[in-house]
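Shown here is one chain on its own, the form predicted alone, set out as structure tokens.
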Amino acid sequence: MITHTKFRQLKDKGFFILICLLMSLGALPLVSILFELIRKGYKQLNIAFFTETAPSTLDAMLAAGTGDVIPGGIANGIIGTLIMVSLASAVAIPIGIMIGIYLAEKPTAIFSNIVRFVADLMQGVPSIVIGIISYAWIVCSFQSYSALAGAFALSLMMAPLIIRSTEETLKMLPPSLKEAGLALGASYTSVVLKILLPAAFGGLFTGILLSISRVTGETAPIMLTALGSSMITVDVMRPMSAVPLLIWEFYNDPNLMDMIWSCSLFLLMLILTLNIIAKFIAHRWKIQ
């Protein structure tokens, strides 16, 4: 006869097995995608893939005819992505952190509620709408596609996530930290900069990395603002390429299908690495 204790133990094990099964089913699509990308994309991963510009259709056709690896790479896309994401981060990170501090310190103010609502609203805006807004504001104003316009679009997407993560992280800090700093005679600015922000470093950095990983794979806003370039350029006032944009361009050329898989594998591994780093930092500097 099964006792009540044994019944609860069996039920606990049954739910544990069910949860593991559901987790496996949830992870199966991701594992399948990774396997497919690795199987089809590893062939193009060589030194030239990271140091040369995107190949032409003719180069791809000649390589396909001889069975060789497609020459060229995505150096123009990698450099363009790094430049635009760096510019966007330079704008969105300080602004997002400052606004997040204000929302955490003035949670009930009318202006705080308005800013919080706008930030939540912007997080749900489709990226192509952000691209259209950036096109109207920047591209039309300067009469030219440019990396600056692309960075502006990416910063609009990054800022809301940084704002909300900063606010929620600062709310988790014990009030005694600020009270102790003020009681010792420190100014309010010193307390925020030297006590609260360092204590919340883990949450802040995690939010920043997650926002960067989100915008790194965006295509629509870059297509409408930076347009793309077949050359390596560092002039932010000129059109510039990006890795997601190259994937779209390769997709429109059947001779460059192998490049699609390699670019997708590179982009996926980059975003996956950023997310793993964010998880590690969140665990390492977890607020007690």
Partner chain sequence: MENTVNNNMIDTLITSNNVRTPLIVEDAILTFKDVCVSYAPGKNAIESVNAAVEKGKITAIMGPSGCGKSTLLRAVNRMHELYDYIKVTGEILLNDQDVLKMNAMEVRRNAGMVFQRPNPFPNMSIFDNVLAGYSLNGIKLPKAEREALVEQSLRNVVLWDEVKDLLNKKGSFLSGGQQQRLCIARAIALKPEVLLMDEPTSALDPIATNHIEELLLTLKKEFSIVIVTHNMSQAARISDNSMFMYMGELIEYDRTNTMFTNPACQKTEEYLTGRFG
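Bear in mind the structure is a predicted one, so any value in this text is a computation, not a measurement. Positions refer to the first chain, counted from 1.
Another form exists, predicted together with the partner chain; not displayed. Remarks below refer to it.
Peer 1: Taking the partner chain in the predicted complex, would Thr5, Gln9 and Lys11 all count as contacting it (heavy atom within 4.5 Å)?
Peer 2: So, no: the whole triplet misses the partner chain.
Peer 1: Does the partner chain get within 4.5 angstroms of any non-hydrogen atom of Asp120 in the predicted complex?
Peer 2: No, Asp120 sits far enough from the partner chain in the predicted complex that none of its heavy atoms falls within 4.5 Å.
Peer 1: Even though the partner isn't displayed, in the predicted complex is Asn113 close enough to the partner chain, meaning a heavy atom within 4.5 Å?
Peer 2: Flag for Asn113 set to no.
Peer 1: Even though the partner isn't displayed, in the predicted complex is Lys171 close enough to the partner chain, meaning a heavy atom within 4.5 Å?
Peer 2: No.
Peer 1: Please check if Gly217 has a heavy atom lying within 4.5 Å of any heavy atom of the partner chain in the predicted complex.
Peer 2: Gly217: no, not in contact with the partner chain in the predicted complex.
Peer 1: What stretch, of 158 to 166, 187 to 195, 125 to 133, 202 to 210, brings heavy atoms to within 4.5 Å of the partner chain in the predicted complex?
Peer 2: Careful reading of the contacts points to 187 to 195.
Peer 1: Of Met98, Ala90, Leu82, Ala180, which residue is found within 4.5 angstroms of the partner chain in the predicted complex when only non-hydrogen atoms are counted?
Peer 2: So the residue touching the partner chain in the predicted complex, by this definition, is Ala180.
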